[in-house]
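One chain follows as structure tokens, the form predicted alone.
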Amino acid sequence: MVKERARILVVGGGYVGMYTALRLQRKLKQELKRGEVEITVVTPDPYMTYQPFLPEAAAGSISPRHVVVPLRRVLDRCHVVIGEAEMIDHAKRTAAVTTLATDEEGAGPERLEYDELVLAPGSISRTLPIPGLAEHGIGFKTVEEAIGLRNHVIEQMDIASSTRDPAVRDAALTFVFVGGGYAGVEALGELEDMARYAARYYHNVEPDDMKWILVEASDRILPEVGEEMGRYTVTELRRRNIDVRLHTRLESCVDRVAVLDDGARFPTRTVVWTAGVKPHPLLAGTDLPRNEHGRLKCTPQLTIEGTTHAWAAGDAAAVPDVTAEKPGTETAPNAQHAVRQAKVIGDNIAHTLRGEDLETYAHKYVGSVASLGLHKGVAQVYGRKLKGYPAWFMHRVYHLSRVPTFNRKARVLAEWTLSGLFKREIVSLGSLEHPRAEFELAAGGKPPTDPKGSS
């Protein structure tokens, strides 16, 4: 029984934020009805993005709206605030939050008070000071970036089909991906597969005209699926004429020329940056302890080390792996751990409010699955290695079981079924990025230009 009204603040609406709030709704159902508990979720977007589906959304296998979960529908007993937490003073139990309203009114950040804090802002792309990257690079972490990249790739094919300049054509049909982790390999595999299919509808663009280049600084790609499956992936990609360059770094992309440290130069209009992530900058605006990598120091119970009434998990947290044989090992910052950690946080906050003992987070990593395009994939699950169609099928089954809500599961399954019966969609809707351009031009204004020059 909760003794007094407890205000729970969840910062972040990703895996940890959404699943923690969802767990709290279920565990504290009666307390919420009696008004003894209040749950507030602060998130920059009104939806949670299921990131493993971003490559398929980019390839057109899944509609963008089915990759996201509307938070207000799922968290119907929580107060969802669309905004950004700028600073957290845990000693005073306050958070400074900028909302859409404060931006519009020009007012300062709103101060929210809380009793229990769940800090799960996630991560952002880890970039390097590479000349030209900020001007020409394309990220692949949000649904907006995934759909923008799909539109961009098809637009490049349109440019190549219509130009008479060989240099412009060559640059348009050259696609450079930097980073050999999940995001880079899956995005490259799915988009190359889509572009290869789309080429049949262009009278003067052949699949062999396109150059797909994967740049990875280490000696292997997809380390999550194991060394053997990583080598198979390199072989499979090279069999598709994809240029995989290991032990290689991007040095510059000034003037739309990708310069690698092995001396190679590729004129290109597409540089996709997927070379890792780093903790959200919000963590630097808190009075909570962080490790040398900028992540919050956590205990096996998912409390933030050295504090009370503060919890963290996911990309922003350094959580001890109690199942590991080597002392000091931390859980990997991936979705598999984040979802399970969120449930433990929800349970432990409920235990705290009721004066009960806390649970310890203990989950042994069971394996990984990765898609390399339609009917192609690699997987290592419970020590078993799969490749090709079986791995691709397992990838779909696993993620269909993990995507939140029955509504989304049914819609994704329906789309997969329809895509198996009908041809791929190869339509570019790049004009969606500037929906008022035509009206502004008609009204005598100047239409906006694309800062990246994608068309």
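This is a predicted model, so every value here is computed, not measured. Note that residue numbering begins at 1 and tracks the sequence as displayed.
FYI, the form predicted in complex with a small molecule isn't displayed, but the following is about it.
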The small molecule: the contacting residue among E84, D321, D193, D347 in the predicted complex [heavy atom, 4.5 Å] | E84
Within 4.5 Å of the small molecule in the predicted complex, heavy atoms considered, which of K29, R411, R65, H399?
-> H399
Partner-proximal stretch of 377-385, 258-266, 335-343, 350-358 relative to the small molecule in the predicted complex, 4.5 angstroms, heavy atom = 335-343
May I ask whether G14, P52 and A313 all come within 4.5 angstroms of the small molecule in the predicted complex, judged by heavy atoms?
-> yes
Could you confirm whether P44 comes within 4.5 Å of the small molecule in the predicted complex, counting heavy atoms only?
-> yes
Using the partner position in the predicted complex, report whether K141 sits within 4.5 Å of the small molecule, counting heavy atoms only.
-> yes
Partner proximity in the predicted complex: P121 to the small molecule, non-hydrogen atom cutoff 4.5 Å = yes
Would F175 sit within 4.5 Å of the small molecule in the predicted complex, counting heavy atoms only?
-> no
